[in-house]
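Below, in structure tokens: the form predicted on its own, a single chain.
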Amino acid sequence: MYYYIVDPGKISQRDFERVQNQLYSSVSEYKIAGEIARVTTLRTIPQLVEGALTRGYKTIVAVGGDDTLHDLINAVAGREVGIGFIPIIASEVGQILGLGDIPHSAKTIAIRRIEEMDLIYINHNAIITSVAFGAGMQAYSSIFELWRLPTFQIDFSADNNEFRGTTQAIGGVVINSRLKKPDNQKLFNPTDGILDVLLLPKLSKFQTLKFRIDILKGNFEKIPGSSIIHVRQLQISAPEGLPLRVSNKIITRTPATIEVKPKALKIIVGKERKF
């Protein structure tokens, strides 16, 4: 049996009614019926997860956005349970996992192709995708803001102090998985037990203009002069107070420890998955 956690937080009541009807229809059509619970201010995802595990559910499905899935992953906290995902809004993670609309995702859950994926842990917060700081994957209103991005000194150590480094940069991204694949297919594989760390140096105005799209998307591997290192654990000790973001949400600040937990997540994926 399946336990569905529906999070309507980012859609209107009218859209929620449509989503709910599609969900009931799809789980019935593909014979994956189960208990459906809705997130409210009084019924949080961690509370719903604890209730589901107490009642013996072995597969819990997040129905919502990327934040919903990440909250579910953190609530499960490494326990032996399978996870599914049905996106109801635009979802980077959904595309990475090979998921489409509600009927397509329900069919994928019914087929039940399970992949063991790595997770990034950032000060005990688990995420599937990537974490950025400085210029990495942040919205800017004009090219002038990009030209004025400050340079800061990053002091870091990696893999339990096997090596240390200091560098000047305007931004960085630590990637487990990403929707757009690079030319080098060995990068950004969420099953290899490795984090890919990209650091972007200060650019000239011409370079900033030329590579502005790649800067905004965090595609630093396409920008000349960027550094790429591959680690299992990264500790950023300075600068202090540097925001670390998942999408545009700040989840913590430096100093911070970022590490990969190999094969930490059992999740249902589609055949169009991006890894």
Partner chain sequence: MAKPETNPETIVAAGMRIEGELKSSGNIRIDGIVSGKIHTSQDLMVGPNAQIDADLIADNAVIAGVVKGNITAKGSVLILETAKILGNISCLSLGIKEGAYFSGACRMNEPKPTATNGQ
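Positions refer to the first chain, counted from 1. Keep in mind it's a predicted model, so treat the numbers as computed, not measured.
There is also a form predicted together with its partner chain; it is not shown, and the following applies to it.
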Could you tell me if all three of 38, 58 and 61 have a heavy atom no more than 4.5 Å from its partner chain in the model of the complex?
no
Residue within 4.5 Å of its partner chain in the model of the complex by heavy atom, from 148, 113, 205, 186, is 186
Only one of 247, 26, 233, 226 gets a heavy atom within 4.5 Å of its partner chain in the model of the complex. Which one?
226
Since only the chain is shown here, I'm wondering whether residue 199 would be in contact with its partner chain in the model of the complex (any heavy atom pair within 4.5 Å).
yes
With a cut-off of 4.5 Å between heavy atoms, is residue 162 one of the residues that contacts its partner chain in the model of the complex?
yes
Quick one: is residue 156 in contact with its partner chain in the model of the complex, heavy atoms, 4.5 Å cut-off?
yes
May I ask you to state whether residue 123 is within 4.5 Å of its partner chain in the model of the complex, using heavy atom distances?
no
Its partner chain isn't shown here, but in the model of the complex, which of 126-134, 166-174, 67-75, 101-109 has heavy atoms within 4.5 Å of it?
166-174
